[in-house]
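Shown next as structure tokens: one chain only, the form predicted alone.
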Amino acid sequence: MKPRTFFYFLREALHGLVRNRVMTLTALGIITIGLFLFGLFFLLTANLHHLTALAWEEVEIRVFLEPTVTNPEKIGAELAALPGVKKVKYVSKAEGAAALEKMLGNRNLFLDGENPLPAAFNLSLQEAADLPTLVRMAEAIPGVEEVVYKQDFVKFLEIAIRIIIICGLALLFLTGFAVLYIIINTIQLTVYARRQEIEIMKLVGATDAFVRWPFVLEGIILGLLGAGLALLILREGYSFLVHRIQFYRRFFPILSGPELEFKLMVVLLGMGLFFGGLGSHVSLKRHLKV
């Protein structure tokens, strides 16, 4: 398409929106509400995923070393190189004894000077870690006596993550489908109100593309405007929520920051652009058959 032709279609689209301002405002309001709901579910899903990621960070593998080990640094380097390991922390026999005494509230556990506790490494994991494989690889390292972790908690967490991912994707898909349905029907109302205009253009010899493009651009403009309004409302509302619970972030660790705002902006503008253009294209099909 030539730039001159595109700008002509764009000018016609803007004129069409202004001429039919009542339908334009109605469509814009409905599209904004639909995209607002989608953005709301997107934020909810993102925060649920964030909570599971924080819970996964609490999963810790403890690797106990054999008493005869004299080179824990080498074992630590091998453990750090395993796939899925985020951080490795060495716990000496003395540190293990001090931690046990503090946990039990008894500082006289090892009065005779003998410390039966083995040296160990604590492994923090990445979210995508394959735990059973990681445990087997850690157990195969020479000098490792035993590998322990909270199996019941890990199984529960893995099930929770699967449920959240499935429910989150299903929720976003259903919301996206509902938004698309709303946009198509809303734009169809604007197209129906101008059906005589379309029929006249077809009767005087206008091609389908010539008729379609201004309406598609109208849909795209409406979609982007609706996305912008929904983004503004969500950003201000979410910022207010984050500010209100900032003193309770320890108990409600919700996401915040520029990265989340950027993702929300990309998602909503992309949805508005795609659904606005697609909605106009689908709505015009029946009216182009003159």
Partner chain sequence: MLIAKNLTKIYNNGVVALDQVSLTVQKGEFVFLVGPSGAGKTTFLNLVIRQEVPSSGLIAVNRQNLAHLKKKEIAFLRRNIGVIFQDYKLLPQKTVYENVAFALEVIEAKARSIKPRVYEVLELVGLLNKANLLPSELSGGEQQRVCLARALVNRPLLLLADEPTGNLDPDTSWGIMELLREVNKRGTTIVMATHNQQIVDRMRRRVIALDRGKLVRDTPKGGYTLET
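Quantities reported herein were computed from a predicted structural model and do not represent experimental measurements. Numbering follows the first chain given and starts at 1.
Below, we turn to the form predicted in complex with its partner chain, even though it does not appear here.
206 is the sole member of 154, 180, 161, 206 with a non-hydrogen atom within 4.5 Å of its partner chain in the predicted bound form. When its partner chain is considered in the predicted bound form, residue 196 lines it closely, a heavy atom lying within 4.5 Å. Residue 210 belongs to the set of residues with a heavy atom inside 4.5 Å of its partner chain in the predicted bound form. Though the partner is left out of this view, residue 202 does reach within 4.5 Å of its partner chain in the predicted bound form, counting heavy atoms only. Under a 4.5 angstroms non-hydrogen atom cutoff, its partner chain in the predicted bound form lacks residue 24 among its neighbouring residues. Highlighted residues 4, 8 and 11: every one comes within 4.5 Å of its partner chain in the predicted bound form, counting any heavy atom. In this stretch, 166-183, not one residue has a heavy atom within 4.5 Å of its partner chain in the predicted bound form; the partner itself is omitted from this view.
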